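The chain below stands alone and is given in structure tokens; this is the form predicted on its own.
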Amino acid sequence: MTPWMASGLVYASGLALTAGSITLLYIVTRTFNFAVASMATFGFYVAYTGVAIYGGLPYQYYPLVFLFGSFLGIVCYYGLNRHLLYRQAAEITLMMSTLGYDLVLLSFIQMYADFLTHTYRLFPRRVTMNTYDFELFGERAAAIILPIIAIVFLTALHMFLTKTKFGVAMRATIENPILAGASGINSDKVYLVSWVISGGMASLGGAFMAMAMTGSPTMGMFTIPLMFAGAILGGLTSLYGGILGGFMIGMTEYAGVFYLSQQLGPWVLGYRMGIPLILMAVTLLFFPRGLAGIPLSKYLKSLSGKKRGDGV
């Protein structure tokens, strides 16, 4: 596996989780969560604190990363989002509340970085997390382990949404909140669980991405345009579309900049963020609803019809 592909798989796995986090929260609560940036950064710092102070590998701290992200989601829900939802606030108000929450979290991240420096003599403002990685089958372990963790997590989420009673209630609330409330579904619990899952996904995604890029207090602010690009590319109406969109944005960034740098020179590296954004723009030109709006069943039927016609 080439180095760019290994880093791309790691980065894309994290971006898929953060884009899925944005999509899940939007389709359940109508909230564009800008706090996903600092939630992702906190996820990186939880994993970094574990390996830098207590030792071991980053992977063993990922359950704690998810729990801490879920805690941040709960704080935002009970502190801001819940009150605004019950007052039927506009989407712009819901979005701006999360932006304010993100700025508060960013302040805490900066203070925490100073704490690590003064107390433990660490240098947490520019961290290369892949130095804590190891080789597996001759490859970077993160390039194998993190996509597997992402697939297992997303499979478990799919099973939760489709096979459990509460998951079905969440899906009903997503599709028709008024009818779901009339059926006796507790929307407050559904909103809370969506924040728990979304916050955990965001922090876990940040911990993943830090294995492929330099970790810093502003890591989330640097990558949040691509997180939203993945969610928008997915269509904002499908959780699975958002996850796929995030993965495509991540892999396109790495694959595109590698190919273009080979053809045009290293100056292309300065424009690496523009490559996936161009992909998103081109896709939306043809499919305004994103990946979720692509009529795959129609194409498959026409393709199968052509094959039957060729056989005749």
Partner chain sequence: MSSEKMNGIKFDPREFFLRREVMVIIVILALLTFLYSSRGVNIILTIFIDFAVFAIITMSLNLETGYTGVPQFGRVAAVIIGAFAVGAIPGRIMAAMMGLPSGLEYASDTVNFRLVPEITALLTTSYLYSLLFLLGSLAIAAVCGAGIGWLISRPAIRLKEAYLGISLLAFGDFFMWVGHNWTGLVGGSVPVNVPDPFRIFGGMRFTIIVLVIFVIAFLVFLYLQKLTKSPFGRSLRMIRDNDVSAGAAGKNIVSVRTQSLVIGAAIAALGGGLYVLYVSSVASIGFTRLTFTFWPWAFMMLGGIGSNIGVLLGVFLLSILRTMIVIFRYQWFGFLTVFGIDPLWLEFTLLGAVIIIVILFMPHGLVPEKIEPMLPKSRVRRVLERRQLAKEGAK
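Residue numbers count along the first chain shown, from 1. All values reported here derive from a predicted model rather than from experimental measurement.
The following text describes the form predicted in complex with its partner chain, which does not appear among the structures shown.
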{"property": "Interface stretch in the predicted bound form with its partner chain - options 149-157, 228-236, 194-202, 136-144, non-hydrogen atom within 4.5 Å", "result": "228-236"}
{"property": "Interface membership of His118, its partner chain in the predicted bound form, 4.5 Å heavy atom rule", "result": "yes"}
{"property": "Its partner chain contact in the predicted bound form: Asp114, any heavy atom under 4.5 Å", "result": "yes"}
{"property": "Gly274: touches its partner chain in the predicted bound form, heavy atom cutoff 4.5 angstroms", "result": "yes"}
{"property": "Residue contact check: Phe258 to its partner chain in the predicted bound form, 4.5 Å heavy atom", "result": "no"}
{"property": "Whether Phe32, Arg87 and Val104 all lie within 4.5 angstroms of its partner chain in the predicted bound form by heavy atom", "result": "yes"}
{"property": "Contact assignment for its partner chain in the predicted bound form, among Ser187, Ser216, Ser97, Asn130, heavy atom within 4.5 Å", "result": "Ser97"}
{"property": "Option touching its partner chain, based on a heavy atom within 4.5 Å in the predicted bound form, out of Phe166, Phe222, Phe71, Phe123", "result": "Phe222"}
{"property": "Residues of stretch 53-90 in contact with its partner chain in the predicted bound form (4.5 Å, non-hydrogen atom)", "result": "Gly79, Leu80, His83, Leu84, Arg87"}
